[in-house]
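Heads up, the chain below is alone and in the form predicted on its own; it's given as structure tokens.
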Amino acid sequence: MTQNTADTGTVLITGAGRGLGRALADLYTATGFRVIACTRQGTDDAPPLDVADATSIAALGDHLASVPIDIVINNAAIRGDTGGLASLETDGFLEVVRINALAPLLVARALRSNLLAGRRRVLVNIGSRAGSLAEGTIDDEDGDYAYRCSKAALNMATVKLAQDFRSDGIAVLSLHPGWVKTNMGGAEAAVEVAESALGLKGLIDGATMAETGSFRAYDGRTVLW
């Protein structure tokens, strides 16, 4: 079962080459975790990972076969077009959905046995308040149809995975990192990368089965679906 403990383990993070993923990787490394930092370039621990490619995700699972993993963080994502309905384009929309919503499901499937072999058993989808039907457009009129739809889909993926993985004792969370000062968030964003990463890590490290299927912000606040 998921444990709320202070001991270390192994964490896998997608999109760990920069921004929030890099900050999370650095935090976990600093606290003694083995970090499998997945990037498109590859690392000593993991082959190159292109989350837009199902074959690449399957290859990651094959490479890590039998490796116990305590925490999997689906962080890789793209923003896509922000021009609104007038500039919405089919291929671009589908690419965003493929990376932001489908890839986390494929990663979860590929690494389920690894999580079962781990002690903590936590699967995290880095979601967004932008995907909340209740809160996603409050004080926010950006025209990013693809991103919002993809993150709404990721929320449902989280709920479905929580149902499917409950019998395995794997807790599944959707976490909103805030409007973070990264390449995606931009310089005008409200939250520093380090602040967001620290808050997310606290929620992840404290996760139990009581939180499975929940949607929370980096500061602990529950986000409405």
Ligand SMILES: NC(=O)c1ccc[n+]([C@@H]2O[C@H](COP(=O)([O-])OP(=O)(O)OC[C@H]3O[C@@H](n4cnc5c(N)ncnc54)[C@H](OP(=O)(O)O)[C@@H]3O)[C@@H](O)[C@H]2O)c1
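Numbering starts at 1 and runs along the sequence shown. Because the structure is a prediction, the values reported are computed rather than measured.
Same protein, other form: the form predicted in complex with the named molecule, not shown, and the subject of what follows.
Shown alone, this chain has one stretch from 28-36, 156-164, 178-186, 59-67 that lies within 4.5 Å of the named molecule in the model of the complex by heavy atoms: 178-186. Looking at residue 123, you'd find every heavy atom of it more than 4.5 angstroms from the named molecule in the model of the complex. The named molecule in the model of the complex is approached by residue 77, whose closest heavy atom lies within 4.5 angstroms of it. In the model of the complex, no heavy atom of residue 12 sits within 4.5 Å of the named molecule.
Using a 4.5 angstroms threshold between heavy atoms, residue 49 counts as touching the named molecule in the model of the complex. Not one of 96, 148 and 215 places a heavy atom within 4.5 Å of the named molecule in the model of the complex.
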